[in-house]
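In the form predicted alone, a lone chain appears below as structure tokens.
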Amino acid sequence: MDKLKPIGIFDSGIGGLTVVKTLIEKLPQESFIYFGDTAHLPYGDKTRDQLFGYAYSIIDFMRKKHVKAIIVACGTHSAVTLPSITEEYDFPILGVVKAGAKSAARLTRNGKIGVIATQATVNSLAYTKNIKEINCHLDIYEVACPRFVPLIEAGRLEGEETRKAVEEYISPLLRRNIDTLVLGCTHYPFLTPVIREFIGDKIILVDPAWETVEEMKDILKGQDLLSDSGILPEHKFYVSGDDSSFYEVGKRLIGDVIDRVERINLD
């Protein structure tokens, strides 16, 4: 496979841009194609059948774009659809749940881990299962945060409503005496300043993007697929819904990496 082929990255909206940001920092020579399924967000309230339909459509789009690997930069898809479809394709497909679970299990000191995620991810218990596979003695507490994604997609990363939502969702976890908190949806790292303000400095925050990109780097290196040409990488962004909102909020979050956004219909 050609080393110059892009990496595919997808999410329900702008959340996966946290993975893009990390990818550019760790693998700046790599080209990528990003797809935000903004026509169907939020994913947290969707059925399994709907999520599988979205996943297959997006991955088929990526395959037609000749990607060499895919990062499923979405906690919901990583939890619900990825475990069943990984083996169906002839290129690496990597999600964020296993990476986040690995980091949390390694970093916790008192064995009490909180996870905030979408309702679909929490219902799947994917983080609990993956963390327990690493260490069955750890205690995991998962909380769904349905208001977070709409707030972030609207660019409301601070303010009274956002702070109240953070307090509502995370307070029960603090009462459990957690020492580690997993940001189990790729949207949530954009709320890190507000979350950190609420929880203080003693609790470890886990952003699965870092471990995920490190794992992808190891996979590409092992298959001799790391780009080493010195050619300027290309970054392309696609959405299925509102492109103007994605462009405006995305530019605010990761800057001039986003030059233009193309709207396409996969239905």
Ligand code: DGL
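Only a predicted model underlies this, so the values are computations on that prediction, with no experimental measurement involved. Throughout, we count residues from 1 along the sequence that is shown.
Keep in mind that the form predicted in complex with the ligand is not shown, yet the notes after this line are about it.
Residue heavy atoms within 4.5 Å of the ligand in the predicted bound form occur in exactly one stretch of 71-79, 132-140, 84-92, 192-200, and that stretch is 71-79. Taking the partner from elsewhere, F35 is found to have every heavy atom lying beyond 4.5 Å of the ligand in the predicted bound form. The closest non-hydrogen atom of A144 lies beyond 4.5 Å of the ligand in the predicted bound form. The closest non-hydrogen atom of L151 lies beyond 4.5 Å of the ligand in the predicted bound form. Taking the ligand as positioned in the predicted bound form, the only residue of 103-118 that brings a heavy atom within 4.5 Å of it is T118.
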